[in-house]
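Quick setup: one chain, the form predicted alone, written in structure tokens, and binding and motion questions come after.
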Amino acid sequence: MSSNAIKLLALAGSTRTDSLNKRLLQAVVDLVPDGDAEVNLIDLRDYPLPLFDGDLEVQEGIPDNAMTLKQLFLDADALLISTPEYNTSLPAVLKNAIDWISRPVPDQSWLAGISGQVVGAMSASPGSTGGMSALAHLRQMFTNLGALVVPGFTACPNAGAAFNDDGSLANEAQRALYAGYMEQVLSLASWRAAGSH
């Protein structure tokens, strides 16, 4: 792995084992050329969290799993998030994780790990729009929190038929689209990392 490789934290907004968004996430990170990124692909199922509650935060502090996720965000040069669409918006597990991660911590800047962070945003859905409503909410949320969200058409429609048996994207045009998108994500992350030194 190159010492200049971008540290990419990748996660899906679903905990379901055979989630289409987990499949999209894996297929897309597999398109990144060797040496361009050090990918840390995590599963939110491994970081269970209570529903955000201000009283709980006051009484017990930020949960350990939220602090672990926050540190993973801080350590990354870029995030890659793929979200399903639940009732035209984000799944609760993803929104709840971001709500906890965004909480202030002593001796850290406001929204540390999110504000100024490079974010690649995707969605997958068996429907014809590919989860565009949830994707729009994801982009808006991170933009409002000060992240650098990479633009682009990254929804994967009809995702139930989008993958080969080996997990790769079946459509050549989609492979090219996502490969190009990842080039933009890593390029912006590289520029940001260079500017922080």
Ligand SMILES: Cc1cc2nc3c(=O)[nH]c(=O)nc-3n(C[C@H](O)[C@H](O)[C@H](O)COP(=O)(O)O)c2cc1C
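A residue's number is simply how far along the shown sequence it sits, counting from 1. Source: prediction; values computed, not measured.
Although it is not shown, the form predicted in complex with the ligand is what the next lines describe.
Q: Have a look at T88, S115, Q71, N96 for me and say which one sits with a heavy atom within 4.5 Å of the ligand in the model of the complex.
A: Going through each option in turn, the one that passes is T88.
Q: Among L177, L186, L20, L9, which has any heavy atom within 4.5 Å of the ligand in the model of the complex?
A: None of the other options qualify; the answer is L20.
Q: Which one, 35-43, 124-132, 144-152, 52-60, holds residues whose non-hydrogen atoms are within 4.5 Å of the ligand in the model of the complex?
A: Every other range fails; the passing one is 124-132.
Q: Verify the contact flag for P84: yes if a non-hydrogen atom of it lies within 4.5 Å of a non-hydrogen atom of the ligand in the model of the complex, no if not.
A: Judged by the heavy-atom cut-off of 4.5 Å, P84 is in contact with the ligand in the model of the complex.
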